[in-house]
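What follows is a single chain, given as structure tokens, in the form predicted on its own.
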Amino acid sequence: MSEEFLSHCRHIAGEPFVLTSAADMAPFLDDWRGRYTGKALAVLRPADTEQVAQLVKACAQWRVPLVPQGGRTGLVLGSVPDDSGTAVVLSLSRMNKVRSIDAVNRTMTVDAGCILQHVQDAAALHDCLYPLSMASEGTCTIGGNLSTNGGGTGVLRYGNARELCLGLEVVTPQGDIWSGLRGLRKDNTGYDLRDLFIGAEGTLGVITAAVLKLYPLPKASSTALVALGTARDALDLLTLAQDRCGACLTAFELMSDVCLQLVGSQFPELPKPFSRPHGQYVLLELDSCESSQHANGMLEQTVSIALDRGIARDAVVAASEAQSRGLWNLREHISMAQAKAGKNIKHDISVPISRIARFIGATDAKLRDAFPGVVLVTFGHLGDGNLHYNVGPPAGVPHDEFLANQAAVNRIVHDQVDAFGGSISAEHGIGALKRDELSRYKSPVEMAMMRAIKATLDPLGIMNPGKIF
């Protein structure tokens, strides 16, 4: 049966784009962190939406599970197959065209395989901004961003991937093409099908294209790194910055001193803005549609008030684009520094912004009681309540040995998240990694509704099986 199926796939996509050898498939089977390798019957690389539709029809006919895949930058095993070897990987990497840009309507229509950075660059050529931004933007794709409802650093002002998408093109599990590529801000014509597929992690269909929102390209940006004593001070600074800067406040990133010490040890060439350590730091950025003087003046005033009120202990305001990039590099190198230092237990969580300081204090204490000497690497998008709350081993404890405590660490962290009214997944999705945790924290009613939607749209259960459910 598999040979007949694969022969049909070769007829659809072309022989070079149906990969079956172990060497050819290997780059598509590892997860981003290198901790898991799946197996696949084949890797299919369609050239366009019509080929996707025909391949999905073939999968439905032969009952072959399929795993949609974009840039493979996910952290929850959402885009890699399991170890059964029965599924095919459907890589959309060849579908990477910008279909059109409407600068007046401020929309861009792109293939799902477009790399995020390429979309940003294409928008800029038309004096427009596509504001979704994240550390993996040079590799991640629009389809993956939408399938996980990615967030990144600009959510505070612009919203996450869902808010930045007006329309979708989707291939259903039956191989039909739903063309919902409408660049409309208002369209009240029944159920919002778009929102079903955004954040569904490829379990309901394959996103093949999207209409994205664009914004005016800012005339100037201004960046500062502010040193603080506690996370409570960071919340006070956020309130001050929002009150004084309003919609100009684009990014508000929290980093603990542990984060900056880690970055400094692994990347000594990066800037060292302060002569002595502080408990917490906030990287904040303002965008202005007026001028650099407007952005710089607003930021300098805000920082000055924070220092006068004792909210901030010290601050560095970037005097050039190069200095701004240097400050951002400190934030964006945290995950890379962690990877170089060794394995750790990662959490992508969110809690109401007003409760973040109490959450950090209470959860830090519980983890230190359970695992004395544990290293807590806490950073994230404070402006939207999203923390990357990562846990490393005590000094002298081998990383692999400490990873054996992952279930116990997760229970402490996730129970605390639940107690504070938060979510165990803020922007990375559920995938296979958090599948069992989901049913613990979602109500039976929520899980039943989600399963009903899955069963209705994908009755054969071939779309990204084992993910979310």
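We number the residues from 1 along the sequence you see. Model, not experiment: these values are computed from the prediction.
If you look for the form predicted in complex with another copy of the chain, you will not find it shown, but the lines that follow are about it.
Undergrad: Among Asp369, Asp121, Asp187, Asp308, which has at least one heavy atom within 4.5 Å of another copy of the chain in the model of the complex?
TA: It is Asp187.
Undergrad: Could you tell me which one of Lys343, His333, Arg244, Arg94 places a heavy atom within 4.5 Å of another copy of the chain in the model of the complex?
TA: None of the others qualify; the residue that does is Arg244.
Undergrad: Taking 4.5 angstroms as the cut-off for heavy atoms, does Thr363 touch another copy of the chain in the model of the complex?
TA: Looking in the model of the complex, residue contacts with another copy of the chain do not include Thr363, since no heavy atom lies within 4.5 Å.
Undergrad: Going by a heavy atom distance of 4.5 Å, is Ala22 a contact of another copy of the chain in the model of the complex?
TA: Close contact is absent here: in the model of the complex, Ala22 is far from another copy of the chain, nothing within 4.5 Å, heavy atoms only.
Undergrad: Taking another copy of the chain as it sits in the model of the complex, is Val155 in contact with it (heavy atom to heavy atom, 4.5 Å or less)?
TA: It does: once another copy of the chain is placed as it appears in the model of the complex, Val155 has a heavy atom within 4.5 Å of it.
Undergrad: Does Val104 reach another copy of the chain in the model of the complex if we count a contact as any heavy atom within 4.5 Å?
TA: Heavy-atom contact with another copy of the chain at 4.5 Å: present for Val104.
Undergrad: In the model of the complex, does each of Gly151, Arg182 and His381 have a heavy atom within 4.5 Å of another copy of the chain?
TA: Every residue of the spot touches another copy of the chain in the model of the complex.
Undergrad: Just one of 403 to 411, 57 to 65, 42 to 50, 429 to 437 has heavy atoms within 4.5 Å of another copy of the chain in the model of the complex; which?
TA: Result for this chain: 429 to 437.
Undergrad: Check each residue of 155 to 180 against another copy of the chain in the model of the complex and list those with a heavy atom within 4.5 Å, in sequence order.
TA: The stretch touches the partner through Val155, Arg157, Asn160, Arg162, Thr172, Asp176, Ile177, Trp178.
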